[in-house]
Ligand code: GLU
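Single chain ahead, written as structure tokens, the form predicted on its own.
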Amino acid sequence: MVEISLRAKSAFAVLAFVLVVLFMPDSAPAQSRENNFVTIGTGSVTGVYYPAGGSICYLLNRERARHAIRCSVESSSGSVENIKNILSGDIDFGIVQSDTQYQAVNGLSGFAASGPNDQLRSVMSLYYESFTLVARTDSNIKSLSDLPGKRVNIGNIGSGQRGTMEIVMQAMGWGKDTFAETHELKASDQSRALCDGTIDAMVYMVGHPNASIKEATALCDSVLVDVGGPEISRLVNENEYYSPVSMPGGMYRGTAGETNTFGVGATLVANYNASEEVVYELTKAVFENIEIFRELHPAFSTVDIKKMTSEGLSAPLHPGALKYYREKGFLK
């Protein structure tokens, strides 16, 4: 019964997203933004950021006759690229991990060279993402600590999964030479690499259920692996944007029991100079259609409207979002 329900939700999500794509361009040229064309940077088409951006655009575009705003989505390498593209003006909005948002605001990790950033603005928190480790069953990987000496995909440069994996590696005292082979594949390529024997394990920071992980566990014998230990506990305790996460069993073939790991929030951000009217209308479209949004993908089903205004938001709220939240009494 649960599996049928999830399939129905996924089918509706695909239908809604196809409608979004069919009725607007894949990207909006910068000069068109004066006419209220906006673009949301997402991630790999096999991840959850892509349908998340599509779902937001779908809800915003439903009212296009009233507000004259047209929304489109753009696939990207993920969180880091989305922030850089927002700050350069190439896109209007981007979906990013809450830890990547924090690092950009404070000039840490991959943003250390550019220093603290005061131009990024939060719009809303969306759903929770889990740091997910998937391994071939014949690799003898039973926990995170079994990765040394294995062939591991750490993610492509510019992706949130790569950024978080680098932090995990630092916490564990690992370098690229810790692994027998270090791969930098995109999320869309790693499941095939796992099943054709190119790699022993892959990591993904993603909402669940996820199509890419479903592909990996369906095509070959692979399992979700616990991510824990004293180093991970310390990492979570020292960083407020991380939280312990338990993923229920039975979500993927081969993993019947619960999987313990940690996670971050997926957040929507914008440039400080994004139109207040556009941000207001986008925020309104999501919040006033939250039940529809929850149905557009299984990962959105537990979205908590009370947490969307604050959780994981390190950058100041954009005035357009703040205006809506105050009007509705979410914030004072």
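Note that residue numbering begins at 1 and tracks the sequence as displayed. Remember, predicted model here, so these are calculated numbers, not experimental data.
Same protein, other form: the form predicted together with this ligand, not shown, and the subject of what follows.
Picking from 114-122, 158-166, 249-257, 133-141 the stretch near this ligand in the predicted complex, with a 4.5 Å limit on heavy atoms, gives 158-166. Of the candidates I154, I199, I83, M205, M205 is the one whose heavy atoms come within 4.5 Å of this ligand in the predicted complex; the others do not. The contact residue chosen from I56, V48, V279, L268 relative to this ligand in the predicted complex is V48, the criterion being a non-hydrogen atom within 4.5 angstroms.
For T39, no non-hydrogen atom is located within 4.5 Å of this ligand in the predicted complex, even though that partner is not displayed. This ligand in the predicted complex comes within 4.5 Å of no heavy atom belonging to Y128. Shown alone here, T283 lies farther than 4.5 Å from this ligand in the predicted complex, counting heavy atoms only.
In the predicted complex, this ligand stays beyond 4.5 Å of every heavy atom belonging to T261. Of the residues in 79-99, those that come within 4.5 Å of this ligand in the predicted complex through at least one heavy atom are, in sequence order, S79, Q97.
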